[in-house]
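Okay, so here's just one chain, in structure tokens, the form predicted alone.
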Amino acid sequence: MTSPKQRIIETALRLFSTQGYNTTGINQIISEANVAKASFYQYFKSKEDLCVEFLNARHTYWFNALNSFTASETRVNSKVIASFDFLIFMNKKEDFRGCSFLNTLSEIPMDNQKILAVIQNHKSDLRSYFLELLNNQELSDHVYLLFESSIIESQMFRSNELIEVSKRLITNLIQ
């Protein structure tokens, strides 16, 4: 059986993903997670704190899944391309939900430093992921930007077409 805290986080993931951050209320999360209001506030002071926890959990999940997905690739070039295959895998698994971080970013005021810092950390880690693989700042930034735009475009059009285009472009860039 999952803990009340875990149920709250899992419920937030589902509701933030399907309804958005702004339209999901604390009372709905409490009700659907089947926890007492006191339990919610025992773990989280606010919806904002829940969002930070949700994004941190999503960050850990996402990078673990990415690293697991690409682990069998031994060549750098293959690992970079497999990262884009991971996007296709995630689109299928999560029905083109897109990036939890970018989705949340689109809903928060830019002065919300607490949530913004978590989003920026995730994107910085992704950028570093490609830099560590490619060991070339300009090239890795190019790959990172194609990766990010592939996420947005695939979500918007519910298609992996531009992920495949990005893979072909990157294959030519990193050979």
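Note that the structure is a prediction, hence the values are computed from the model and not measured. Sequential numbering from 1, following the sequence displayed. Superpose the two forms; the largest set of C-alphas matching within 1.5 Å is the rigid core.
Not pictured, yet referred to below: the form predicted in complex with another copy of the chain.
Remark: of stretches 46 to 54, 102 to 110, 61 to 69, 28 to 36, the one touching another copy of the chain in the model of the complex is 102 to 110 (heavy atom within 4.5 Å). Though the partner is left out of this view, Phe86 does not reach within 4.5 Å of another copy of the chain in the model of the complex, counting heavy atoms only. Taking the partner from the other structure, another copy of the chain in the model of the complex has no heavy atom within 4.5 Å of any heavy atom of Leu131. Within 4.5 Å of some heavy atom of another copy of the chain in the model of the complex lies at least one heavy atom of Glu153.
Heavy atoms of Leu162 reach within 4.5 Å of another copy of the chain in the model of the complex, making it an interface residue. With contact defined as any non-hydrogen atom lying within 4.5 angstroms of another copy of the chain in the model of the complex, the contacting residues in 112 to 138 are Leu116, Ile119, Gln120, Lys123, Ser124, Arg127, Glu138, given in sequence order. Taking 2 Å as the criterion, Thr18 counts as shifted between this form and the one not shown: its C-alpha moves by at least this amount when the rigid core is aligned.
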